[in-house]
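Presented as C-alpha cells, the chain that follows is alone, the form predicted on its own.
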Amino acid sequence: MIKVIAKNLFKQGSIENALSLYEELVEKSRAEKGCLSYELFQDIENPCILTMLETWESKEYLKAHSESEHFKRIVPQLGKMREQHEINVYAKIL
C-alpha cells in the first residue's frame, strides 16, 4: 500500500479556482483502478493550505495515476497558483 501526502500553500485569492480544479481531480482520481482513497483537506488556521491524502494499492497504480489525462492537465494548472508545495510518498511497512 502506498500513501501520498501532498501539501500545498496557494497564493492569496486563488483558493476558489484551486478548489474548482480539485473537484474534477478528486472525482476522476477516485474512479481510477487501484485508488483506495483520495481526499482533500483544508487547514483550519490557514485556508490557503490544502493537503491531498491519497492511498493507492501499489506504486504501479500511483504511476498510472500520474500519467492520466486529468492529472497531466490539472496539476500544472494548480502549480501556477501555488507558492509552496511538498509531496511525500510512503510505503506501508507495518
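A residue's number is simply how far along the shown sequence it sits, counting from 1. These numbers were taken from a predicted model, which means no experiment stands behind them.
Keep in mind the form predicted together with a further copy of the same chain is missing from the figure; the text below concerns it.
Looking at a further copy of the same chain in the predicted bound form, residues E16, E69 and M81 place no heavy atom within 4.5 Å of it.
In the predicted bound form, a further copy of the same chain sits beyond 4.5 Å of every heavy atom of E57.
The closest heavy atom approach of F41 to a further copy of the same chain in the predicted bound form falls within 4.5 Å. Mapping the unseen interface onto this chain, K63 falls outside it, with no heavy atom inside 4.5 Å of a further copy of the same chain in the predicted bound form. In the predicted bound form, a further copy of the same chain sits within 4.5 Å of a heavy atom of I49. Along 59-94, residues K59, E86, N88, V89, Y90, A91, K92, I93, L94 each place a heavy atom within 4.5 Å of a further copy of the same chain in the predicted bound form.
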